[in-house]
Each structure stands twice: as structure tokens, then as C-alpha cells.
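Laid out below as C-alpha cells are two forms of one and the same protein chain, each shown alone and named structure 1 and structure 2.
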Structure 1
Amino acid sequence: MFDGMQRRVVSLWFPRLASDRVLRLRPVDGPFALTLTQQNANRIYCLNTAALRQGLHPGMPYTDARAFCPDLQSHVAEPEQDQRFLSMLRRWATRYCPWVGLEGGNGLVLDITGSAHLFGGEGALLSNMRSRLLRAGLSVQIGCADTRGAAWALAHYGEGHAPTGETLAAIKSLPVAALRIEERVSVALQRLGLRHIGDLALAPRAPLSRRFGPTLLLRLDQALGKQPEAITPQAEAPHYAVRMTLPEPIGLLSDVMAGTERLLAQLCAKLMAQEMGARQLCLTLRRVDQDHQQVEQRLARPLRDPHRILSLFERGLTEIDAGFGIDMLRLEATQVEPVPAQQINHVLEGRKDELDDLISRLGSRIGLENIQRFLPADSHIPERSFLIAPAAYSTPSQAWATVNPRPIILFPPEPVFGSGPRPPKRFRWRRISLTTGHAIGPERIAPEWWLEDENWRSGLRDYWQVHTTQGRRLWLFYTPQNPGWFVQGEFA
């Protein structure tokens, strides 16, 4: 705050923020409401002006609202999107002053001390705010005063502009609920005859403090400026992008790689400071004719090592048409993931990252989703004992937790001739005559009764490891409930 200058605060309240956000994208004529499941019931979350005129209110059960207003149109509320939209409004409001913070879930607070004269005074600044927000389709109520509490009270209950030094005169006629106190405290004060802020300011303080605690008087003093109340601006989210403007155009691959290396060093320093790693990068090259070309690189693991990332860009940069030269390079991490710091030891130092780099190189050609790995699954059924997942978005798991070994190759069961519960001495499989030399088993596997599986309707299976004299090691099973022999796998 500037020395000798009175602090001035503006409070913006968006009473229909959620519905205004949706109606800006999909305008609706007539009553409109957003619904949200609350207390095991579908209730009204936010309304437009037409729905309010019909007597509807937030918190009302949706079925009752439809009974009162049959032509009510509705949509499911998205509170997370509303908060994201409010954050966008906060960034927009920084055009009026640098100190802008969030006020609950549907409001903003601005410290305009020393910045109002840039817009022709407070009146012109507030008028500019209102007109821009109304053109954007947003309902807003604005309060301006010397304190944050008074500005909030005026925005929510009076919507006015309190002149400098006249805070009490501006808010004394407002209800006590405008002091941001609990509803039960507000009701109790009204029962005592203290209905307005002016009545409360003239009442003896000691009895109020004994009965309602220190919070009530603290809120009153904050509104009147007797107690300070800070405005904390929301910190800007880290922006992982760097760029370089060149005095002379370049076109050689070696020059572009050198520029990319310099940008990577700056970007990775930002990522390391935030303990983040880049999962997807976009390099934009601007030519002197203002044409833009991009090289995207998706990584198998979040990285912040510039030396490992630089080599992955070489293939994409060889396909760039430099034209008459490139005069600007911009590198952005479009997707990042947390990479917390780890304790370095001899095990981590010896771990190689060549596999991740190989997956990234192959993924740039055929797509990361097409490079897959097998992962163990929690099932004793052979066909369900594994999962197939993209290698770039999964980590190698531990070995299959099985008592008995499983074959490397699995295939659908193929019938062979045999009788009895023990493996046949001789059988023919895939036009090959085989002789059983040694058999290990049986291992009985029961079907998972809670899952429908057409292949296991025959019931139990007794699995055997059969070593043939011809050198083939097969996995056979016998179905006792429907006698028959089948081959389902082969060991390496």
C-alpha cells in the first residue's frame, strides 16, 4: 500500500455464476436450473432469473421444482468447472489491479488502492467492470469500501459505493448477516433487537463478547476498519514454456538443435524447481514468412533431463522445412507429471533408462499406445492371469505369483485323443505324433463361478506338464465332468 493513501477494496459477487457459465455456451429461453445430488436427493444448485421469478430457489428438490414449473429446463452442475471459470475471471480482473483474490466459491476481492486513477476514478472503474461483465453474460453485484468486510457487505446486501472514510454510514442500515457471521448468530441477534449493523455498533461490547464469543466483534471491527484483514492474491500456476527470438534467421539442423538444447536447459530448470517432469513437449518454429511448424514429442516417462530429451527431437526436426529461415523457437511442456526428489544411492545410480528412451523413440513413429507390455492379473484362470497395458503408461510389475510354473505360450484349448484321468501315452497334436516321456501333475483349477465364461462351462480342469520324448513340453488339461483332453500351452 502506498504511504498516506487510504486503502480501497472492491468485492465482486456472482450470484448465478454456475448457471451463467452454462448459459453463455448454450443459451436457453425460459426457466433454467442446474441440479446436483445433495443429501441423497437431486436438488436445485443454481438458477437463472426466469426460474427465480417462478418461485424456485437453490436447495429445492428437483421434483418439487418441476411440479411448480413444468417447463423448467435443467442440466447437471459441474462445480469443478465453475471453480475453473472463477479462476479465469480472477486472471481477467488483474487488468484492474495486481492484488486479486478469491472470495468463497462465487466471488472475487480486489485491492484497487492506487490503481483507480488509471481508469478515471473509482466510479469509472466500477462502471467499466460492470459493463464488461454484463456483455460477457454474467450477473454481478459490486461493492466498494475502505475494508474488505464492508465491500463484501455492500456487494451481497446493498450493492453500493462507500465514499472514503464513511464506512459506518454506508453499511449501518444493512442487516447483521452482512458481517459474514453464522446464521444462528444472526438469528439470535435479531431476537435481541439488533437487526442492523448500526444497532450492533452502538451496543455494549462486553455482553456481546460473553454471549457470542470474539468472532462477532472481530467481524464488526474488520468491517469498520478497526482490525486489519489481508487480501491474499492467488498464486499463478507455473507456466512451463520458454522461447527464443533470433536476431538472424537460421535453417541448418545443427543450429536448430543448438537452439532447442538451450531452451531445454531453461525448461528443465523450471521443471526441477517445481519437482515436475515433462510427459509431452511441443516445439514451435516460426519462419520469417510468419508460418509456424510444430514438432511434438511424447515421452514414455516424465523427464527433466535435457540431454536425454534432446536426442528424441532430432528425427522430428529433420522433417522441418525451414523455408527462408527460422527466427523464433518456443518450447512448451504441454503435459507434466510430478517427479519428486529421490535419495540417490548405488542402486538408483546403476539403473539404466535406455528402455524408456527406446519406447519414446518407437512411440514417436508408431504411437505410444501401440507399445504394450504384459502385467500380472489377480486370477488363477490362465486366460485371465495377465493384462495388456501400454508400456508408456504402466510400470513393470513383479512376477506372477503362482506356485506352479506357467507356459510362455498360451493359446485356445486344442483337443487331443485320450482316455482316463492320466495323460495319454501317445497322442497326435497339430499333425505331430508325440509320446509322453514324463508328466507332472495334476493341478486342479476351478472356474470362477462369479464370472460368466463360455470356455469354462465344462467345469473343473486338471492341468499336467507333459514332457514328450520328441522334446516338446506341453500344458495339457483333463475335464473330469465332461471327459476329454486338451492342449492349451507350451513351455519354452
Structure 2
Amino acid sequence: MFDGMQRRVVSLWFPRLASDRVLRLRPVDGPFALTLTQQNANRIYCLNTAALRQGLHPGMPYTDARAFCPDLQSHVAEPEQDQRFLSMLRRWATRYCPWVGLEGGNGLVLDITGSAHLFGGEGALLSNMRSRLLRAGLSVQIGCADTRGAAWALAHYGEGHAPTGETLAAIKSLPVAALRIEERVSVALQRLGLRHIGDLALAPRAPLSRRFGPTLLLRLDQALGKQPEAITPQAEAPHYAVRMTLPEPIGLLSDVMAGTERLLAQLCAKLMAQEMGARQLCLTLRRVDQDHQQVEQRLARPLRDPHRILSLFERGLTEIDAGFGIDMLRLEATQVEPVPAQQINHVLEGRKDELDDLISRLGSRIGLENIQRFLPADSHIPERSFLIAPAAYSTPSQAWATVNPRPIILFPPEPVFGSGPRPPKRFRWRRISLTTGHAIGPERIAPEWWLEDENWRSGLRDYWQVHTTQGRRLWLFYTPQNPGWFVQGEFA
């Protein structure tokens, strides 16, 4: 039954997408331009109609534009934001048909085959689309035809609606540039006198393909439907957010927790299906007075276990002011990480999970990066013989090896009075008079020349373990290149 159905394609072109996006947020009267620094020059990127009417055009230097049009208002262009906006429009366009692809940086292409009747026919669908986009403040040109090429041509050159089977008639009067060909080719065709698509369609094919290569005829055939052309719909990026709207506002902590539990069950099922784990969650609570409150929860390890996550939310939720009640809950995993399924282990690892949950809870109070663990490092410099890494983003390492005894406490070097390469017999440190009873050393440590370090400017160090008769066992060093004695650590 569907074999006989004619394919129908709609092409949308947003000629002023970037400026429309900015003006939607901040409307401006009069000429407006977006500027972008390209090849060391600040050039016009996109303009509104008022500016176009003044004779400005995209690509001209911004200073020239200001000279032509002194009251030009401008803003810096953000192409990434424009792309994000276009992908939002793509998502919006799936209300008309499921098959929507991107067309360059400022267009969409929709395969509306079999879905036009849902909106009361093609004409109604197109006018519905146009009115909604205009209401959103976007200027749009729409082309509708049997093929993607013809729809593109109509959208960019003439804005038309080609009835089924009359593609050539609809596009034959359009210029050859409407075939999505290179500028060079289109200029060459015009020099040959082939100005319109109709002329090209009647011209003999062999000389054209010999002169311009296969692309030109491929484009022509695609526009006329003799060659197939696919529309690639973009896969929806997995969206880890769930929400719940309540008929009656709630305010009790237990109710909010119960709501969160239901949302978590949904979210974790989604995460489980995608083999992902949440690293950061955000629970948004909307109150009846339209105010929003958010509870952020960062986790020490990617998780998708609803019970464990729920208990972590308890603390944040107690600080929420419910006001006159909460009528919507939205839970989003703002940061996710892949968590592949793991083999069930017979060794009990409950303790490890408990510690991770504790780190998550503490992290929400003092910051997850303030909870750290030691990792071994490959250096003889005492301060660099270990690394301090955030516990949530590292795994413990067992590979600790020490050759020479090291103090258990390190502090920045503190100078003591002494002379000569042997440890001083008596010295004062932190206002304590100390007498050397027994000294072990020296152990020479050279600075790492490949790393710049302020503290090691004084050159080589000869380290001594000094056991004082008062009991304290200190780690002293002597710098032979700049004579001086310092205390850097304390043994037990």
C-alpha cells in the first residue's frame, strides 16, 4: 500500500538564524548585527532586516558597516550557541514528522511523507509551521517538493510548494545555483548560457559531465528525483531527566522523599538500560508560587542504585523551604559516566560502598575536591614523592615503597642557626633549645632540574636525621651551595 506513496520533503531555511536567536532574547529596534572575528578581522556574521535594508551584507568588515550605518547595534556572535539552537529547532520539528535532519548550519530537512494529513494537508502543515516559527521570532523560508534537492532549491530561491510529480515545472525557472553546486561551476554554467535549471535539464548530459564532473548531474538528478538522496535523522541524545507533576501541592519531607524515590526509580532504570551511572544529580522542586529550589548532589562514584542515591538526598531536602507547597519535581542527572555491568563478586564489598556514600555526603558539605587520598609518585624530592588526588576521582594504590626513612610530618623548611656541613651540636627550633644526641646522614638529594621549583633554588640538599637528647627526632638539611641549615620534617 505504501509502495505507491510519493515521498514529500520540506526544507526549512533560516536565513538570519544567529541574529534572530539573539534578538529573541533581547529585542532591538533598528539595524542590528552580529560580529565574528574571522582571519584577524572583525566581520559581520549575521544581520537583521533593518540592517540589510541599509545596504550592509554579511562578511563586510565591522568598521565599514559602522561607517555606513552609525546607529548599528552589534553583539558578538556565538556559533556554538547557534548550533545548539538549531538542534533545539530540530527537536521541535519532530512534532511534524519523525524524520528530521539538519541541512547545513542554518536549515532543517523534514521527510513529511505520510504525516501531512495529520495537520490537514500539506498546505495547512506548511502554514502552521510558518506561523509558529514567525511567532517565535524566526524568519524562515520553506520549500516543499518531492525531493530533497528540489525542496532545498525552493527554500533558498523562491519559496514554493511544488505539487506531487511536478518538480521540474516548479524549479525550472530557478537559477542553476539552486542545485547546491559550487560557485565556480554555477558561474561557468551561466557563461555557457545555461542560466536556469530548466535549461540544464534539456542540455545534453555527456558534454556536461565531461566538463564539470559527475557532481553537477548528480545534483540535478537528485533534485529531479532520478537519483535517491537520504535524509539522516539525528539520533536523540540520551536524556537523563525525569519529572513528576502533582495534582495537589506537597510539603512534608516524607512526601518529597517518596516523590524523589519514584523519580529515582525511573531515572535509574534509564541509566541501567544505557549502562551509565550518575555522577552529579540535580533535583529541582517547583513551588506553587512558581519559585524554584534546587538540590545538587555530587557523588563520589558513578551510581545507579536508587536506594543509595535517595539516602544521599536526605540532607539537601531538609534545607528546602516548601512554602505553600511543591507541585513539580524534576530530577536530572547532569553528569553521567559509563558504568559497565560488573560480575557479581562473592567477596563482600559493602564497606567500600559505605565509604563512597560517606564521601558523597561529606562532599556535599565541604566540597568533593577537599576529600583526598595519597597516591605514590616517582620522585626523590620529599614534597613530590606522593600525590594528593581527589578521592572521588582516583583509585587507591598499594605500590608504596621507601628506601630511606622519611619523616611522618613534613612542613615548609624552617631555618635554624648552624654552620658547617655537620649538624649543629645545639640549635633553637620553634623556641625550643635542642641538643643533638645522635645524627644519621647525610643523604644527598639533588633538585630536579627539569622542574622549576622555587623552594629548591638553593641547590643540593644533604639531609640528616637528628635525634635530639630532648626526644624530638627532626629531619634537617644542609644546603652546601648556599650554606644554611633548615628543619623540614619530624619523625615520630
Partner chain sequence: MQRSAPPSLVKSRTHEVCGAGAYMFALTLAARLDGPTLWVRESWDLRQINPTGFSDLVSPSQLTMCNTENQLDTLAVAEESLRSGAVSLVVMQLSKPIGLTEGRRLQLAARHGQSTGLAIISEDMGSHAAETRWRCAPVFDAEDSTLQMWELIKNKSGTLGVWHVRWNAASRRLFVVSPAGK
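In this text, rigid core is short for the largest set of C-alphas that superpose within 1.5 Å between two forms. Small disclaimer: the values here were computed from a predicted structure and weren't measured. Quick note, the numbers are simply positions in structure 1, starting from 1.
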Looking at the two shown chains, say which is the form predicted in complex with the partner chain.
2
Any CA movement of 2 Å or more for Leu36 between structure 1 and structure 2, core superposed?
no
C-alpha of Leu133 moved at least 2 Å between structure 1 and structure 2 on rigid core
no
Using a rigid core alignment, state whether the CA of Leu52 is displaced by 2 Å or more between structure 1 and structure 2.
no
Using a rigid core superposition, the C-alpha offset of Leu299 between structure 1 and structure 2 in Å is 2.3
In Å, how far apart are the CA positions of Leu434 between structure 1 and structure 2 with the rigid core superposed?
4.8
